[in-house]
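Just the one chain here, laid out as structure tokens, in the form predicted on its own.
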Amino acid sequence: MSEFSEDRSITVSIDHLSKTYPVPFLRLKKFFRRKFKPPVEALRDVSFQIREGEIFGLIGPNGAGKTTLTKIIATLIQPTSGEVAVRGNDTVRDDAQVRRDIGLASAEERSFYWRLTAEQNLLFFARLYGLSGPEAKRRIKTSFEMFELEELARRRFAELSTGNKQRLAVARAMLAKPPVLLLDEPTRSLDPIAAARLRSTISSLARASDSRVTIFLTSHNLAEVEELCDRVAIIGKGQIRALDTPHNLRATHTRNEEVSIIFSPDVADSVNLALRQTFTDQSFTLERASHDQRWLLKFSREAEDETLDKVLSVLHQSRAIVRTIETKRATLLEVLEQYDESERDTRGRRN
């Protein structure tokens, strides 16, 4: 994660944002008495702020509103109500300035010209950004080196794999060196090595001392979000359900953690007996860790309670030698699943 500080200036401000997609051709459908679905409320009263140099993650199930929110920040669509400001400029009133301050890498590939080569595509967009010919070619060369696309520079966009198209989209977003990057599933379809390199690039942009980049990131890869993001918002049915650091989201979801201890030598019987005598309402699992004399002890505890200290004391008194101790708390996936389950329960009660 980047070295994020609450003292930095606010780069993106979202204030009571809502977006409802109306029913298309509603009057005609009513006139001909055709059935129609109700308007789609994509976003409902969304508010949060993103600070300079922060990597801010947005996660949620399909249809939760992630792409709609990204497009509103990028000025591609307008909100029904509420405001979005990028570096103090309103995305509706000052849309031209906002576009100069952002770089967008979308999961959609329709904005490229499929008959042009990768290099020709980037050169076209570089000129739209106002870059001169020599400067555009220099930045394109740097981008191709950064994303290891040199061998694909003269291949038509239509011939590129889905992963390479995605890398080219991120390269295009960075051409003008914008202070704000909007990355919609940036590592989608990338192989593990390419994804790891792109994550490293994203992290270095936010950490750069001379010109920190503010990054708004949506992803279905929750391990990636945990690795990169300073803060994460969970969105569901167009509403922000939770917003905090990845660590705090996991801790808020559940304070329980799974503990695994490997010990030796083969003193399992005495350890098992001592545990039953010490704990009356705690369950333990004891099994061989390997073919030698090592054993694996597993149990659950509330984070930071005294259970682990007592277990270590029992092991010491039983003359067991502790080899490793591992603790595991809830992942962001489990947090997201918990919110999904809560939403389904709420809908079930309403129905």
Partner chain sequence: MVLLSRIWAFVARDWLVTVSYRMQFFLRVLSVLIAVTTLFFISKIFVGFTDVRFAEWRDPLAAWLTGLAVLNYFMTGFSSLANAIRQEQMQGTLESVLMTPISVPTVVVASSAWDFVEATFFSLLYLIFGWLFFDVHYRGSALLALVFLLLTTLVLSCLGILSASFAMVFKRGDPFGILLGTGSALFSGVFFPTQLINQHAGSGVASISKILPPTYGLDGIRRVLIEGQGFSQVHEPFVTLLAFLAVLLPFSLWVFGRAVRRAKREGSLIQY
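Please read all numbers here as calculations on a predicted model, not as lab measurements. Take the two forms, find the largest set of C-alpha atoms that superpose within 1.5 Å, and that set is the rigid core. Residue numbers count along the first chain shown, from 1.
Below: the form predicted together with its partner chain, not depicted.
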{"query": "Candidate stretches 147-155, 272-280, 76-84, 217-225, one within 4.5 Å of its partner chain in the predicted bound form by heavy atom", "finding": "76-84"}
{"query": "Arg172: touches its partner chain in the predicted bound form, heavy atom cutoff 4.5 angstroms", "finding": "yes"}
{"query": "Ser111 within 4.5 Å of its partner chain in the predicted bound form, heavy atoms", "finding": "yes"}
{"query": "Heavy atom of Leu104 within 4.5 Å of its partner chain in the predicted bound form", "finding": "yes"}
{"query": "Non-hydrogen atom contact Arg138 with its partner chain in the predicted bound form at 4.5 angstroms", "finding": "no"}
{"query": "Among the candidates Arg99, Lys237, Arg199, Arg212, the residue which, in the predicted bound form, approaches its partner chain to within 4.5 Å (heavy atoms)", "finding": "Arg99"}
{"query": "Candidate from Gln120, Ser203, Ser189, Thr245 lying within 4.5 Å of its partner chain in the predicted bound form - any heavy atom", "finding": "Gln120"}
{"query": "Core-aligned C-alpha movement of Leu28 between this form and the one not shown, 2 Å or more", "finding": "yes"}
